[in-house]
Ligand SMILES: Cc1cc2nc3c(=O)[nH]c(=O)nc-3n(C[C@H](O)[C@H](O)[C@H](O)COP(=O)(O)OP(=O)(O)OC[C@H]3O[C@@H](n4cnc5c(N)ncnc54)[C@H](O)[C@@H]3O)c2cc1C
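What follows is one chain in structure tokens, specifically the form predicted on its own.
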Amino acid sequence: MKIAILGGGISGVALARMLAADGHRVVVIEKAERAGGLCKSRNYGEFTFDEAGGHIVFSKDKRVLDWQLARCGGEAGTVRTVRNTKIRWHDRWVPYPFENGVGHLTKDAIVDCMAGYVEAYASRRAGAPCPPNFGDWIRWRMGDGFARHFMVPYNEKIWKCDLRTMASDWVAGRVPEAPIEDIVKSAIGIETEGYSHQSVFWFPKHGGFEAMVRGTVEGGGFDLHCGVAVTSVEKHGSSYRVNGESFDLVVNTVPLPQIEPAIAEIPADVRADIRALRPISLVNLMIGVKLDEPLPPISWAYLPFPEQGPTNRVTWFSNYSPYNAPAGHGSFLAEVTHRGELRPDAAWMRGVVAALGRAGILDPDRVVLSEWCNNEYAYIHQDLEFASRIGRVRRWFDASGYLTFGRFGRYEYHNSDQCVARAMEVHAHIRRVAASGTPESLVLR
């Protein structure tokens, strides 16, 4: 088959490589000057930075992890790191996740967190139903103390909204519940580890996270057309036309609000649902520093409080690979979310750096480089109507003959490894359809 893939992020190029290996003629159409999407990197002199914050090569699925590592040059082309993540809780470094680090708080805060957690735990055991909104979910799951001391201020900073206006169903698969025994152990000073499945990760030695994209494109066997906007997509009987060119199948990975005007067949009610979808944007501040001594072995840290500035997460980026910064230097990525209102400039960057200095992250006087990159589509705004809205959109696409997937091509809150896993599922679907010659609706796990 001749297949058009709209969008050259990791979802699009991963699927293209898989399909090309089956002998299909695959054309990837990407509006930007190069492939990569949210996985792109950039260089400033000898500094390398990721554009959309700190990515890692990791997956709970060994098949996906092996695929990612192979695109990055395997073990020889990557750096293996034992994860060391923290929360900057006022003037303290608290291990992440917060409930496993509760023993590092002040005694008053420990009592506050534990009393609330026990009350919430007993309430859930007694049958208290899961609240539909995220704000109430935090207290239902964690209790008032954990909510007040971390969960609410951090999530208000990243999501930029009243948490009661957000749905809670998205969080179940992303925030595993720590056993109550672990929380009690932590409270009395016995170290416990949360998210142990992600205790080790990898990162490309050279070129930033985009190295995985380049390793997917190079030798991938498909055509990549960059700098080309998709302006027209329409179905003609059993075939399709994209910008006037004929294809047997079209797969979309472009953010739905961006591709919606181009697809002729979308009905009016589905268009309205797509236009109501909102992204949360991310400005990533890329910071290079001069060092007298190596950076502490931190992977990344969360900054929940307003006095720490607008940054919600900082990555010690030169710890991911020594080649991310020149000799005698280190680098950081500082992530700041917004809803379209942020207009970064030099004064804003100086303010962010100064706040990071007050938070004990870096020394502003040692900064030798600061640049920023805005990512319009970074996080998914999951309001109370999101699940029903996106459900209608997905059902239409899955039955229409078009395929759509990807973080914003399907509006699934997926990391890069989950996007690769989705590409494998879509690849298997296309294989079945090609073998049987019978169209079928796309069904994803």
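Computed from a prediction, not measured in an experiment: that's the story for all the values here. One-based numbering along the sequence shown.
The discussion below concerns the form predicted together with the named molecule, not included here.
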item: Non-hydrogen atom within 4.5 Å of the named molecule in the predicted complex for each of 11, 258 and 416; value: yes
item: Residue 273 within 4.5 Å of the named molecule in the predicted complex, heavy atoms; value: no
item: is_contact(residue 64, the named molecule) in the predicted complex, heavy atom dist at most 4.5 Å; value: no
item: Contact flag, residue 228 vs the named molecule in the predicted complex, heavy atom cut 4.5 Å; value: yes
item: Partner proximity in the predicted complex: residue 253 to the named molecule, non-hydrogen atom cutoff 4.5 Å; value: yes
item: Partner-facing stretch of 25-33, 396-404, 41-49, 383-391, counted where any non-hydrogen atom is within 4.5 angstroms of the named molecule in the predicted complex; value: 25-33
item: Heavy atom contacts to the named molecule in the predicted complex at 4.5 Å, residues of 316-345 in sequence order; value: 335
